[in-house]
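The data below hold one chain only, encoded as structure tokens and taken in the form predicted alone.
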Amino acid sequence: MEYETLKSELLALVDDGLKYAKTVDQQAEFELFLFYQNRAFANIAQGMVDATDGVIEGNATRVAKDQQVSFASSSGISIDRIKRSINEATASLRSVSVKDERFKGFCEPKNPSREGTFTDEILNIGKDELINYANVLIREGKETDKRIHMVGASCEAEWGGFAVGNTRGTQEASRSAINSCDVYCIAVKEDERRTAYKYDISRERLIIPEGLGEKAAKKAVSLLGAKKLNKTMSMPTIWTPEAASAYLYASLGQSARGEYVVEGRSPLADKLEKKVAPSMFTVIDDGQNPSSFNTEAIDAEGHPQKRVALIENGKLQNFLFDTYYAHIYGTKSSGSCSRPGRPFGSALPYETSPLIRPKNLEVKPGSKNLDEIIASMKGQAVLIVDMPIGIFHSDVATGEFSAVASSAFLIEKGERKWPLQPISVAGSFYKGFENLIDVGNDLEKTPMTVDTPSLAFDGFSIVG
């Protein structure tokens, strides 16, 4: 398939599939999902090169009848493979014995929104170019400092799209393209080893590997000479964009999801129009930002993607819904249905039934840069510069988390002092929002599909 004709080809297959589905069972509702992705990938680790390019394609069918729903999927998007999924889903429906009284049907037809920006240069990147990019990253990392003992790099480029159709009349499609790279460096001094990474990711230009290897190497070296904190206490923490993106996705990215709200598992369920953070804090889930990685014309069930204000000036304004949970809650879909993909999903989205996910969380920047936030700390604080380990192993219902920050610095009287040996950071995500101290102006686009500046919180427990 070609990028220019991808949507029309997918929609033609959807139309043929739906016509066949109606001959299988005229009383049932059918939904078809077709996925196509052209992907090139290169990884170099310890001198070993792993590079591939090829196409991933597949289809999925949901069938509903008398408030009973079944699902089936298969690789490939030929009409024969689509018919196979339809037949399997229909056969599976006969074995479903439990009715879902809350099911009201699939997505009603809506006009699509807009696709995100893309550069056609991404269409021409193959594994050989990606290997060259990775070699640039590794060479820079190794040449920056003699204390760098190991460098690894990964690069990828992908383009493709998906189409959704159902027997209610929805037939829509969307396309996208993206390229990315990341590099990690391990610095060694005697028996101490510290790791740091850098990345670049974009859908509107080619990635720029130059300079990333050097930055990752310098960051790793800066973490050498770490000291123990030797105390347990509550103190302010400053999370740089890499760390803050994980905090936001693990907290608001989960508790704002409609299924947790409807099922009573989200502590935000009864807080609409109430203050949940200081007035400086605004978070949008923007499925229509042209440069965001998950911006599409439609979501995974055919609804137009939207810009949804979750928290505005500290007040909780909205939740994220798909068609199913929107019906239960008594509202409309926010265009937030996904087939799990970036950052945590399967490489085969068609194998998973739809669920609710934020598209791209965006935090409104504040006025201070990172140095100014650090300078504003009167006593001791901790600066966390990478994603803490274990931050996603948290309870949505309580927001309680405990994570290990292996890349952190001690702040004392407004100055960065020295790197710290791994520390434990624990507390409640939601108390953290209430105790937000500052929002930086260093907005950064991260692979977590979160655009955020540095965030400073008070009240977390630190164990060193």
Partner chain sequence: MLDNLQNCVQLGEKLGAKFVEARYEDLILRTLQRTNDVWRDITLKSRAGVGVACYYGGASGYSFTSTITKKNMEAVVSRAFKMAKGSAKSATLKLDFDRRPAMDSRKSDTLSVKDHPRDKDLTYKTDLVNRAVDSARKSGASISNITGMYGELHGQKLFTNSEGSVIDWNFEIVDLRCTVTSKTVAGHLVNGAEGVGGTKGLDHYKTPGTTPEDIGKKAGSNAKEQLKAEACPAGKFRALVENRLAGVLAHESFGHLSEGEYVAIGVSPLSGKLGTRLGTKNATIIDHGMPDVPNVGGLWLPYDDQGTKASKTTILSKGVLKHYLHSRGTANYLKQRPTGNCRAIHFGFIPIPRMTNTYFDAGNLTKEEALELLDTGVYAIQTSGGQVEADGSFVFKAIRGYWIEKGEVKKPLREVSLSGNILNLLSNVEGATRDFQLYSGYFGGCGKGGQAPLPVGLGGPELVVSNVTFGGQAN
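Residue numbers count along the first chain shown, from 1. Remember, it's a predicted structure, so these values are computed and weren't measured experimentally.
Omitted from view is the form predicted in complex with its partner chain, to which the following refers.
Asks: Report the stretch among 279 to 287, 187 to 195, 245 to 253, 297 to 305 that approaches its partner chain in the predicted bound form to within 4.5 Å, counting heavy atoms only.
Replies: Stretch 187 to 195 is the one.
Asks: Quick check on this chain: which one of I131, M377, A326, I148 has a heavy atom within 4.5 Å of its partner chain in the predicted bound form?
Replies: Selected residue: I131.
Asks: Only one of R81, K364, K368, K219 gets a heavy atom within 4.5 Å of its partner chain in the predicted bound form. Which one?
Replies: It is R81.
Asks: Heavy atom to heavy atom, is E115 within 4.5 Å of its partner chain in the predicted bound form?
Replies: So E115 does not count as contacting its partner chain.
Asks: Please determine whether S95 contacts its partner chain in the predicted bound form, using a 4.5 Å cut-off between heavy atoms.
Replies: Yes - in the predicted bound form, heavy atoms of S95 and its partner chain come within 4.5 Å of each other.
Asks: Give a yes or no for R175: in the predicted bound form, does one of its heavy atoms lie within 4.5 Å of a heavy atom belonging to its partner chain?
Replies: Looking in the predicted bound form, residue contacts with its partner chain do not include R175, since no heavy atom lies within 4.5 Å.
Asks: K99 versus its partner chain, in the predicted bound form: is there a non-hydrogen atom within 4.5 Å?
Replies: K99: yes, in contact with its partner chain in the predicted bound form.
Asks: Relative to its partner chain in the predicted bound form, which residues of 253 to 288 have a heavy atom no more than 4.5 Å away?
Replies: E263, G264, R265, S266, P267, D270 sit within 4.5 Å of the partner.
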